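Included below are structure tokens for two forms of one protein chain, each presented in isolation as structure 1 and structure 2.
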Structure 1
Amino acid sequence: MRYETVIGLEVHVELATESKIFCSCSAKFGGEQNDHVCPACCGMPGMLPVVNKHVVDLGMTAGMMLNCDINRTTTFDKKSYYYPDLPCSYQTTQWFAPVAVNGLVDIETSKGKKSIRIKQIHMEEDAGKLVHDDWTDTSLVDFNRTSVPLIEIVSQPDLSSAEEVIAYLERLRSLLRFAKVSDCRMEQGSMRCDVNLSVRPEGSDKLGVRTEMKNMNSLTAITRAIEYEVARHIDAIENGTEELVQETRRWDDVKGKSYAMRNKETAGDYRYFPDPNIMPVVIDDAWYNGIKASLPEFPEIKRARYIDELGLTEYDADLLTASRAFCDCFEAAYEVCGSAKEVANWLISDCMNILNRKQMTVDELKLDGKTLGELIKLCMDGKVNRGNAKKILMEMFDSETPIDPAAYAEANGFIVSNDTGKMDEVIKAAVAADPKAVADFKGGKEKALLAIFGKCMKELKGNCDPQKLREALLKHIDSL
């Protein structure tokens, strides 16, 4: 018998806010344990939540990027369950009126294009983190992550393979990064997903027994987990190796197996009810239209424009549109220097090399595009050579204060002067110091000229036109 897999995803995304969802504690990743906490996010009695407006902004932005309808009145609710990393014994989330509903995300796989329906996007607070100490056989709780704002993106069960799941997650990550909703760094837990999976006979409209794998934060692990679960379900159905039950499972990536954690809860188990401490959030026309106007151009539209209007190659356009930071810097620099190809080369080659050395991602690029454009224009106009321009670029990355490329080049002697008197003086000294190279060149060894040329460029600190220097060097050698 042939089987088909039915998969729905619940994707949790930490929002790119400075502070938490209901208090002013820092929402940044890292820090000492229990350093980013206060009585409110620790669940102390009498502390009342205050909604962070930027969280609602980002929730609406995510909804619009995923083609959702925005609920103009959205409310918060209590989801009751006990776990040690949840100090209030309930999670503040959205159940009755989530911020966004009825979305659609298009993906493309080896089998072609497909649309995945989004049931809803709701805002909620994250839980803390349990740290297990095997040495003392204890569990410690770090509340830094408690009340960090999340959105949960709930898909309909429209996915049918690991390939589709990965394409869907990559599409979500691309859109949310581009809109600056989240950095979606799975290795830091700012994007993770629960995989709801069942198997049924091909052509059947009846869903099979569903299992859920929690908190998956690696595309490779997700692929392996789905393939394992599909095989486990089919084996259980065909060979009776076990009785499938609705449950939550944990994936062990080292062993390559999933293990039962607990029976799968239903909505009734959580006893959802409106949070009386948080008033409904009413989104008026001005607020809604302001968010809509702030949406970025979609990456695929930007990519097509870069190729068709600016003449970039598909390779360059793909690399640039992988990051909103790269796109913003590219467009600002292009506006100044007027050469799309030059800016693309500097970003993809020189800037990327610096980011790699600093172990930074492209999304962490803080370079001012206008300033980069000014530096590139200095090069294009022949006022600074490429080698010295790279030194200026490195200083622009390292400096804590803005740098004016022209002023920095002037102050450090990087401006190309083409002083013929100085050039002739340097040439004469270099030729006199290396008679063997001169003799080799006159004897037909073209490479011998490079040694003398290199010494001249070093002495002049690159502050001359290479072509003019070469012509002057040849003229002097011919006169000997």
Structure 2
Amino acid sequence: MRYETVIGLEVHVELATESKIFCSCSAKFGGEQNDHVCPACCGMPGMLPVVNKHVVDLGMTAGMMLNCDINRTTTFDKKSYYYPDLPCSYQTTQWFAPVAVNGLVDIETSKGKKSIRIKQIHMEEDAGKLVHDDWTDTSLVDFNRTSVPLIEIVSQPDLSSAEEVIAYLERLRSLLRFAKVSDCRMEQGSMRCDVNLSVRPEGSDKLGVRTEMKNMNSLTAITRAIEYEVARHIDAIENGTEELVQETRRWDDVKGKSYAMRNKETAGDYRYFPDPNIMPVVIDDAWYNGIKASLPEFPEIKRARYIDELGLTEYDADLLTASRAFCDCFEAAYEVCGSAKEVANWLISDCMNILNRKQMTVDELKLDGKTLGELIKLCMDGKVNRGNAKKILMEMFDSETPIDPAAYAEANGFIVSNDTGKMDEVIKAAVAADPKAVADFKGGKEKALLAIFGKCMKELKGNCDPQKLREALLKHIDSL
């Protein structure tokens, strides 16, 4: 018998805010344990939540990027469960009127295009972190992550393979990074997903028993976990190896196996009810239209524009549009220097090399695009040679304060000299000092010229037009 897999995803994304969702504590990742806490996020009695406006901004932005309808009156609810990493014994989330509903995301796989429906996006607070300590035989609680803002993106069960799940997650990550909703760093847990999966005979309209694997935060692990679960379900159905039950499971990536954690709760178990401490969030026209106007151009539209209008290759356009930071820098630099190809080369080659050496990702690029454009223009105009321009670029990465490329080049003697008298002087001295190289060159050894050229360039500290230097050198040798 042939089977089909039915998968729905719940994707949690930590939002790029400075402070937490209901209090003003830092929402930064990491930090000393319990350093980003206050009475509100520690669940002290009598403390009341105050909604962070930017969380709603980002919830709406995510909704619009994923083609959702925005609920113009959106409300928060309490989801009750007891665990020490949740100090109030409930999570403040959205159940009855989430910020965004009924979206659609297009993905591309080896089998072609497919649309995945989004059921809803809701805003909620994250839980804290527990450390189980063998030395003291206790559990230790860190509330730094408590109340860090999240959105949960709930898909309809429209996915049917690991390949589709990965394509969907990559598409979400690209769109949300582009819109600066989140950095979506799976290794830091700022994007993680729960995989709801069942298997049924092909063509059947009845869903099989559903299991959920929680908190998956690596694409490789997700692929392996889905493949394992599908095989386990089919084995149970065909060979009766075990009874499939609706449950939450944990994926052990080292052992390559999933384990039962607990029976799956139903919505009723959480006893959702409207949070009486938070009045409805009403999104008026000005707020809604402001967010709509701030949406970025979609990456695939940008890519097409870079190729069709700016003449970049598909390869360059793909690399640039992989990151919003790259696109922003590229566009600002292009605006200043007017050469898309030059800017693409500097970003893809030189900037990428520096980022790699610094072990930074492209999203961490902080380079000011306008300044990069000024540097490239200096180089294009022949005012600074490429070698020295690279030194200035390195300084732009390292410096804590903004660098003005022209002023820096002037101050460090990097401006190409137009003093032909000095150039001639240096050429004469270099040629006189190396008669063998001159003889070899005249004898047909082209490479011999490079030695003299290098000495001249060194003597001039690189501050000359290489083409002019070469021409002058050849002219002098010819005259001998």
Partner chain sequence: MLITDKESFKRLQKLNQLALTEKEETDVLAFFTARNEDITALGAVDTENVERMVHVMPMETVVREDKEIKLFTRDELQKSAPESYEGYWQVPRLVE
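For clarity, a rigid core is taken as the largest C-alpha set superposing within 1.5 Å between two forms. Here, residue number means position along structure 1's sequence, counting from 1. Since we're looking at a predicted model, the values are computed, not measured.
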Original post:
Of these two, which one is the form predicted alone?
Top reply: 1
Original post:
Superposing on the rigid core, is the CA of Pro39 displaced by 2 Å or more between structure 1 and structure 2?
Top reply: no
**OP:** Would you tell me if His54 moves between structure 1 and structure 2 by 2 Å or more at its C-alpha, with the rigid core held superposed?
**Re:** no
Original post:
Does Ile7 show a Cα shift reaching 2 Å between structure 1 and structure 2 after rigid-core superposition?
Top reply: no
Original post:
If you line up the core, how far does the Cα of Lys475 move between structure 1 and structure 2, in Å?
Top reply: 3.5
